[in-house]
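Have a look below at one chain only, the form predicted on its own, in structure tokens format.
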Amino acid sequence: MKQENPKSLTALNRLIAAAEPMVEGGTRAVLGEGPLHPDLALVGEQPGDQEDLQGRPFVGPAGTLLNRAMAEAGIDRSEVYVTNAVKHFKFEPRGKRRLHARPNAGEVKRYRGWLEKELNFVQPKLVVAMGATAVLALEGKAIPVLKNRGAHLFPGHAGFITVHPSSLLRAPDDAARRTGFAAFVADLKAAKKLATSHRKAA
């Protein structure tokens, strides 16, 4: 990350958009979106194929599932800030397809400064880390998602750890998908309640 010191989220986003991708295959930055000072900020891994094409976070299959889960949890997406730990789509070409490639720890670390600045500008009441890459980016080290699922204090942020919605798409059968989805909705409800308690305490 360059040493520029942006003074606003707009300035930071200009810096991110102009920067070269720090992962293989990345074409353009996909910036976070949502209001400042929200109750919740949701952090995922990285943009996928559709996110890269459309330039918006969580608009592909995982985003569709996330939207459905938020609706069931009583969360309005327009009131939530949504972003990713890594700002570019890391992929491997397979013919005409672009296959998602998980960012490694070094790549996550290179993007971490941007995420920290972004969240400092957004100032959410609670940061929800969805999946291992988001946890790594927010915690600064790898910790198991399932063992630490639930409320968690990240450096500088009250947080909550849950799975990434894409993991539900990879469930082995319908029963596992239903169980996983219900648990994910329960996590979002718990995060919403926790964020509300932080808002009242502020």
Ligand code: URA
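Numbering starts at 1 and runs along the sequence shown. Predicted model, so just to flag it, every value in this text is computed and none were measured.
Beyond the structure shown, there is the form predicted together with ligand URA, which is absent from this document and is the topic of what follows.
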{"property": "is_contact(H152, ligand URA) in the model of the complex, heavy atom dist at most 4.5 Å", "result": "no"}
{"property": "Contact of P38 with ligand URA in the model of the complex (heavy atom, 4.5 Å)", "result": "no"}
{"property": "Contact label in the model of the complex: H164 to ligand URA, heavy atom within 4.5 Å", "result": "yes"}
{"property": "G32, heavy atom within 4.5 angstroms of ligand URA in the model of the complex", "result": "no"}
{"property": "Candidate stretches 41 to 49, 170 to 178, 153 to 161, 136 to 144 - the one whose heavy atoms come within 4.5 Å of ligand URA in the model of the complex", "result": "41 to 49"}
{"property": "In the model of the complex, residues of 48 to 71 near ligand URA [heavy atom within 4.5 Å]", "result": "G48, E51, P57, F58, A62"}
